[in-house]
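Only one chain comes next, encoded as structure tokens, the form predicted on its own.
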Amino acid sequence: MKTIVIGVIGADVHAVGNKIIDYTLVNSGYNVINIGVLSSQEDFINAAIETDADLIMVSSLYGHGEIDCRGMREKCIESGLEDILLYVGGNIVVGKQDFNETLKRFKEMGFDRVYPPGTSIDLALNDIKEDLGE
């Protein structure tokens, strides 16, 4: 069974989407480690190390995801998680920005998948199955 660490990064307390993601992933047969809201990069990385996770899925709804996620791939590599998949989604930037620009910036930061606001968890689920070779 593949393990996925999920949570809401930074000073964000939006929990509803996190619970929906948790529910959907568990019902799809994944071992979900939900670190909850107000989580730091280190919280995600430590949970991934402790559980030998295959993927980290970061949510952010309060608009500061770009700031909160900077340097996360580097921290993963430093922690021995060079091959872990990194996903991010939600309202990950401040204001209305061209999503193609946002996508480019997050890809440059080392994220494998980047989802705009309002993306269905079902889309991410298809990507997870593809990326984990299922």
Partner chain sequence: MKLKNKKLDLKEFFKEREEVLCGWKTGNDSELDLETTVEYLKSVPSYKNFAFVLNKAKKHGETLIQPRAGVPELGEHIKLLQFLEKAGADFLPSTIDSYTRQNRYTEAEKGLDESMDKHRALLNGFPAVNHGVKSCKQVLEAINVPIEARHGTPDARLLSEIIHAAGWTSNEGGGISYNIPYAKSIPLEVSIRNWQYCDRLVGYYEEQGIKINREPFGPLTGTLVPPAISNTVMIIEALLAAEQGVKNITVGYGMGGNLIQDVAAVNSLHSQTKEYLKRFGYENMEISTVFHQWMGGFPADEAEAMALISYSSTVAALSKATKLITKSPHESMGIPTMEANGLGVKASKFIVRMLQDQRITRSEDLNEEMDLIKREVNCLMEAVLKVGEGDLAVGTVRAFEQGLLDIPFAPSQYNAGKIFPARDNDGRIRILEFGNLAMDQDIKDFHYNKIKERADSENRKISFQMTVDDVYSVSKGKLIGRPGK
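Computed from a prediction, not measured in an experiment: that's the story for all the values here. Positions refer to the first chain, counted from 1.
FYI, the form predicted together with its partner chain isn't displayed, but the following is about it.
At a distance of at most 4.5 angstroms from its partner chain in the predicted bound form, all three residues Val37, Glu66 and Pro117 contribute at least one non-hydrogen atom.
Its partner chain is not drawn, but in the predicted bound form it has no heavy atom within 4.5 Å of Gly80. Remark: Asn91 counts among the residues lining its partner chain in the predicted bound form, judged by a heavy atom distance of 4.5 Å or less. Under a 4.5 angstroms non-hydrogen atom cutoff, its partner chain in the predicted bound form has Val13 among its neighbouring residues.
Shown alone here, Lys75 lies farther than 4.5 Å from its partner chain in the predicted bound form, counting heavy atoms only.
Counting a residue when any of its non-hydrogen atoms is within 4.5 Å of its partner chain in the predicted bound form, the hits in 97-125 run Gln97, Arg105, Pro117, Ser120, Ile121, Asp122.
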